[in-house]
Structure formats: structure tokens, C-alpha cells
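Single chain ahead, written as C-alpha cells, the form predicted on its own.
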Amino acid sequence: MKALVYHGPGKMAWEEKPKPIIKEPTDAVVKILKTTICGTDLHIMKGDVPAVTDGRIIGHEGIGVIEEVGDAVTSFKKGDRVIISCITSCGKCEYCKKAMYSHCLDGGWILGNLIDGTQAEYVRIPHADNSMYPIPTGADEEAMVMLSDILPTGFECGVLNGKVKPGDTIAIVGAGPIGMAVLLTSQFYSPAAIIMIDQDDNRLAVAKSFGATHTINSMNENAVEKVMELTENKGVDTAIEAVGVAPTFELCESLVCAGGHIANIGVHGKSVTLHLETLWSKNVTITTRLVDASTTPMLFKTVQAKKIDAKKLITHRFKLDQIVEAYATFGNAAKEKALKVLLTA
């Protein structure tokens, strides 16, 4: 089969790899129908995730049709169409019993990280019963891809960890796909104001159309001053970091109000400065999280009910064998006006 293979920072190739096989009775082998590229994949390509080694097939999102299942798989059969969760979970270990599936002792975020992932013609899914979701007949498969990672990540790591409440003022730093997922799902809780901060006017315009009440281009104006002007010099109830670089996290530290929350989502490859000299007395809560995908069933229902139009996050479409071109487009998002790119087999 063909797959997108990582060969060290800045190096990738669409090349021949062995088709995966059943290794454990709880495995499934899935033929990929649609997949996408995550911002985390760009971090991998920059060398920010050292656990990813030369030769790894990248990718942790997608939908497909089951090619084969192990003897212990009871919820799926050959021919079923499924959503692949970015998080693999055994459902039995101490962390899974706490719904901390990202820390599963025999899973977690392993696809495209510690084992071969979904940017390929086929993928092996361990613990298949707990790591996939059935796609009902007639469902919009493009929208279903957004349930693999982006929607649960934005909701769990940003909205839930950030304790967003009705009437709150929130700031989302980073108007990329994850920031947009936060924007969409935060509206479940009716915040009074949603301030989107980015350096890309196109993405800010899209954010406005998705429900942002205010947008700030931090390249052209002082984001801290603008937020303080909007909040009577108090700051925001929740500041959500959705980029994964030091300046954006430190911006969140400057935006949060007394008693507020900083919710980190971004994948950080380098250290950041924690300004305790200004935060120590402010009763601020700082949270980090790797998505557990525990909310995927609920989000699935909201997407099916069209309470969220997940498909509108997709801006570019490619064939799977055009994936190197798709990476170039996604990696140059400002110029290409890209959010999510969809790859179809």
C-alpha cells in the first residue's frame, strides 16, 4: 500500500509500505476513505514530537471501511463504515475507568505517533471496539472526519477545561482549525463575547462568520490593550491557547482576569515563561490536556442534528495520493486561505 511516511524534521514521502495485518484479537484493519492533516502533524514535521521516529506513517484522523477484524472484536464487522478516533483506548485500565482515555496504559495518542497512522491506504486500529464509532447510513462523511479529533479536542481541552459559562467573555488565541472548533463548540454555553485573536485577516473574517463577536489582528494592533478596552480593563474569563508557541501562551497570561482560566490546547515543542510574578495573586487556573475523545458520542449527535456545521471547516480537497501537495497547502495556510484539508481515497 501507499502511505505518507515521516523521515525526520522537514522530510516526508508518499511511498510503498506493507499493508497492516491483525496483530492482536482486538485489532481491526480499516481501508481509509477520507482523512485529513492536523496541526499536530505539522508539529511532528518540525521535529516537535521526538517520540515520532523515522519511518512512521503519520496521521490520527479519518473514516474508513473495515477490511478485517480480530476474533475478539464484537462491535464491528467487515464492511462497516467507521469514524476512527484519534485516541486508542482499551476501556479496562485505571485511566480508561476514569475516562482519561488519552492516558490509556495500552493506547492513548498512539496513531501516527507511536504506531503507524491514518495517512495511508490502510491502517491497523488496536482496541477497535473502544476506538471507533459506526457511521450511520446517509451521514455526511466529510463532517464525520471532523469528529476524529478536531471537535472533541476543541471542546474538551478548550471549552470544558476553560469552564466556559453563560455570560462569559472568552478569548481564543489562534484562529486555525482547533481555534475554530473551540469557537463553534463554545457557543453551546452562550458566552456573552467571543474574542478571536490571530494574525491572519482571512481566518479572522471566517471566525466572524462562525460566531466570533470580536476579532483582533495581533500583528496590527496591541491585543492586550484591545482586550482590556473590551472588558473594562478586567480581562477575559477564559483565555484559550490554540497555537502551541510561547508568545501565544504568554499572551493568554496577560489576557486572563482575576479568577479566570487559561486553557492550553496547543502542542508545545519548546518551553514557555510562566509569569507567576503577575499571576500568583490572581486566583487563575491553568489547565493542560490531551483530548480523551470522551465527548465524541455527544458531538456526533450535535453534528447529525446539524447543531454544528462541521463540514464548513473544510476549505481544500485533495486525493489521498496528493498528500504532499496537501501538506504544502496546509503548511502555508495564510497564503492558501486554508483551514482543514480533506484527503479522499
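Nothing here was measured: the structure is a model prediction, and the numbers come from that model. For every residue, the number given is its place in the sequence shown, counted from 1.
A second form of this protein, the form predicted together with a further copy of the same chain, is not displayed here; the remarks below concern that form.
Contact check at 4.5 Å (heavy atoms) against a further copy of the same chain in the model of the complex: none of Ala13, Gly179 and Glu221 pass. Listed residues His103, Arg81, Lys226, His214 were compared with a further copy of the same chain in the model of the complex; His103 is the one with a heavy atom within 4.5 Å. Residue contact with a further copy of the same chain in the model of the complex: Pro247 places no heavy atom within 4.5 Å of it. a further copy of the same chain is not drawn, but in the model of the complex it has a heavy atom within 4.5 Å of Ser271. Although the partner is absent from this view, Lys282 contacts a further copy of the same chain in the model of the complex, with a non-hydrogen atom inside 4.5 angstroms. At the 4.5 Å threshold, heavy atoms of Thr288 reach a further copy of the same chain in the model of the complex.
Segments offered: 170-178, 72-80, 116-124, 199-207. Contacting a further copy of the same chain in the model of the complex at heavy atom distances within 4.5 Å is 72-80.
Counting a residue when any of its non-hydrogen atoms is within 4.5 Å of a further copy of the same chain in the model of the complex, the hits in 175-207 run Gln187, Phe188, Tyr189, Ser190, Pro191, Ala192.
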